[in-house]
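One chain comes next, on its own, written out as structure tokens in the form predicted on its own.
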């Protein structure tokens, strides 16, 4: 009886570690300019036909009065054209405040929102950053889902984004 309870507890604790999922590392570089504003960032998955499979994260100024932070979401141009204009923000689990320069990690579990159940196939992780009085940059990382083994894909931006990595867990 005692071993059965321990085994059940062990499986319960280990279950999240065994779930398929995606982790995304995003580095926002420190840019030395007089009027620095944190970038608006969108992270999503695209199918080969450029349709959006999942919106994973949108970082914008959620504290501006009267929702004025949403006014600038259209500056994340590629995301705005593909999904943003049809999205009602805020979205629980997807939208959040802008982030300071540094390394940030997002984790998503297959079957849970916002990743959901992805059909087997080819996808692209797209990360787009846009900054007021600054530039705009888009990085794309292709991958196949579901992965047969743990896989890491990386890309490096030139100005608004630093290193971006996607970790795929089978």
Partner chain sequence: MIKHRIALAALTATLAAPLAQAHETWLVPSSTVLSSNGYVTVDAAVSNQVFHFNYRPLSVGQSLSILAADGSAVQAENLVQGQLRSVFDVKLDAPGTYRIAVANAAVMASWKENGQPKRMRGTQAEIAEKVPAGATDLVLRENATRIETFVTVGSPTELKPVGEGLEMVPVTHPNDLYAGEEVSFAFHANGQVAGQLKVAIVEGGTRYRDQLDKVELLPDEQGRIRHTFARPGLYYLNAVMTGKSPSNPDMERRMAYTATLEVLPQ
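Positions refer to the first chain, counted from 1. Values in this document were obtained by computation on a predicted structure and should not be read as measured data.
Just so you know, the form predicted together with its partner chain exists too; it's not on screen, but the next bit is about it.
Please check if residue 73 has a heavy atom lying within 4.5 Å of any heavy atom of its partner chain in the predicted bound form. Because a heavy atom of residue 73 falls inside 4.5 Å of its partner chain in the predicted bound form, the answer is yes.
Given that its partner chain is not shown alongside this chain, does residue 131 nevertheless sit within 4.5 Å of it in the predicted bound form, heavy atom to heavy atom? Residue 131: no contact with its partner chain in the predicted bound form.
Is residue 100 close enough to its partner chain in the predicted bound form to count, meaning some heavy atom within 4.5 Å? Taking the distances in the predicted bound form, the answer for residue 100 is no, it never comes within 4.5 Å of its partner chain.
Residue 136 versus its partner chain, in the predicted bound form: is there a non-hydrogen atom within 4.5 Å? Yes.
In the predicted bound form: members of 53-91 within 4.5 Å of its partner chain, any heavy atom: Heavy-atom contacts to its partner chain in the predicted bound form: 70, 71, 72, 73, 74, 77, 78, 80, 81, 85, 86.
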